[in-house]
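This document opens with one chain alone, in structure tokens, the form predicted on its own.
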């Protein structure tokens, strides 16, 4: 798996773009994240931070206790699967190859190209600078949402962790904005999959 490299993939059209472990963890993460978001919105509705509530039609759990059951069940799936994904990404060197370097100048140039519909997607083995920034950002948001979620789950037992976020109430805000960042990423991710359908095919078949 580690030997699959962007250069090799571009030289051989039949070579896998995404190894099996990437595809499996990707789809498990996607399902677990959707469950976490839907149930999280129902939990939020029980004690809103802002002057709005999420429509019942897009929440999961039906009521607070049901939402908590879904949330905690998906939490373990997401945490374990996410840890496997991160460890393999580091060990195989995939993160280093795919996400580095991230240069502000390149990000601005690729953003301008994307907004003017001139950003090319010919080679799916190479991430543009915007993709690198988004993927790196969602990994950081994932770490923040897990840590803030643990602080909310066990604020007494993990009081040092809760204190790191400024206390229980502050951790709620951190958790909410990390969720918002991940939802924003998912929206962009889905839009790109629709605009570039071969990227969706690649994450299903690997080629």
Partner chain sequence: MARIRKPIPGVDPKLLIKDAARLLPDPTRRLFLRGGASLGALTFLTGCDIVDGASAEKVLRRISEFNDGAQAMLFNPNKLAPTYPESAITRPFPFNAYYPEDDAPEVDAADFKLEVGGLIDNKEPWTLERLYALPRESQITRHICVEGWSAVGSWQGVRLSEFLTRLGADTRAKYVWFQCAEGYSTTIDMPTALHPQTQLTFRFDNEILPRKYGFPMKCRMPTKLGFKNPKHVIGVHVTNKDLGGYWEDKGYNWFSGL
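Source: prediction; values computed, not measured. Residue numbers count along the first chain shown, from 1.
Separately, the form predicted in complex with the partner chain exists; it is not shown, and the next lines address it.
**Prompt:** At the 4.5 Å heavy atom threshold, is residue 148 in contact with the partner chain in the predicted complex?
**Reply:** Residue 148: no contact with the partner chain in the predicted complex.
**Request:** Considering only heavy atoms, tell me if residue 100 and the partner chain come within 4.5 Å of each other in the predicted complex.
**Result:** No - in the predicted complex, heavy atoms of residue 100 and the partner chain never come within 4.5 Å of each other.
**Prompt:** Quick one: is residue 61 in contact with the partner chain in the predicted complex, heavy atoms, 4.5 Å cut-off?
**Reply:** Close contact exists here: in the predicted complex, residue 61 approaches the partner chain to within 4.5 Å, heavy atoms only.
**Request:** Classify residue 70 as contacting or not contacting the partner chain in the predicted complex by the rule of any non-hydrogen atom within 4.5 angstroms, answering yes or no.
**Result:** Flag for residue 70 set to yes.
**Request:** Heavy atom within 4.5 Å of the partner chain in the predicted complex: which of 53, 65, 180, 140 fits that? Just give me the one.
**Result:** If I apply the 4.5 Å criterion carefully, the residue I get is 65.
**Message:** I have 134, 192 and 205 flagged as a candidate spot, so tell me whether each of them has a non-hydrogen atom within 4.5 Å of the partner chain in the predicted complex.
**Reply:** Contact check failed for every one of 134, 192 and 205.
**Asked** Which residues within 144-176 place at least one heavy atom within 4.5 Å of the partner chain in the predicted complex?
**Response** Counting only heavy atoms within 4.5 Å of the partner chain in the predicted complex, the contacting residues of 144-176 are 153, 154, 155, 156, 157, 159, 160, 168, 169, 172.
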